[in-house]
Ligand SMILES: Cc1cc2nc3c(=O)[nH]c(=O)nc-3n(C[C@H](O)[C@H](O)[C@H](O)COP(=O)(O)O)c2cc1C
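Listed next as structure tokens is one chain, alone, in the form predicted on its own.
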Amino acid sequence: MNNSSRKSIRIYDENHHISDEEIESIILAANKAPSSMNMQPWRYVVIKSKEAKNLLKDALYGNKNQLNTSSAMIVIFNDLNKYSLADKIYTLAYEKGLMPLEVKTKQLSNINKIMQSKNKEKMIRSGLIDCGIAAMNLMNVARDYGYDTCPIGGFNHDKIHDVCNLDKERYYPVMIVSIGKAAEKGYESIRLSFDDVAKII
């Protein structure tokens, strides 16, 4: 996986079709991304059909080239009810021998305490971090499958729920990732130096 070769592509081969099987493989590979307490709060809505793309058009502020030419637009949401799957995740981990029973019990107890506090802002904040990592993983995995991508943050958060038919209270929109076969080289861009972004102490 060569991260340095990835560029944001805005124009794709509009005749290329990406299969449901490829989408599933890419997303399952992207799911290897780490997340807080392994709750995997990312939820994907893959918009492929012309009808669905026409609906998405009204939720975008721009990015029409990506919409019109990409093989799909993948909308990523942060599931604010992610802990509802905690028992399933930890039970499977225990049954597969990946987690001792005492760790499972302790983790579920900790989650129960977190759920009682019901701090929505913390849930949004932590989910944005997790979903951001997953989105980057998705874009890197797509490269391995021969596809290019572009992350999109400019869209109407209220309308996107209607397009995707999701509960506004539960699912917090994070970003859209266009995916397809590049029909342009993409732009080279400047990156800050090590001294601009880091220090060793």
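Note that this is a predicted model, so its numbers are computed, not measured. So that there is no doubt, residue numbering starts at 1 and follows the sequence shown.
Although it is not shown, the form predicted together with the ligand is what the next lines describe.
Screening 152-160, 165-173, 32-40, 51-59 for residues having heavy atoms within 4.5 Å of the ligand in the predicted complex returns a single hit, 152-160. Put simply, of Ser19, Ser189, Ser193, Asn15 only one has a heavy atom within 4.5 Å of the ligand in the predicted complex, and it is Ser189. Site residues Arg6, Arg10 and Gln66 are all in contact with the ligand in the predicted complex, judged by any heavy atom within 4.5 Å.
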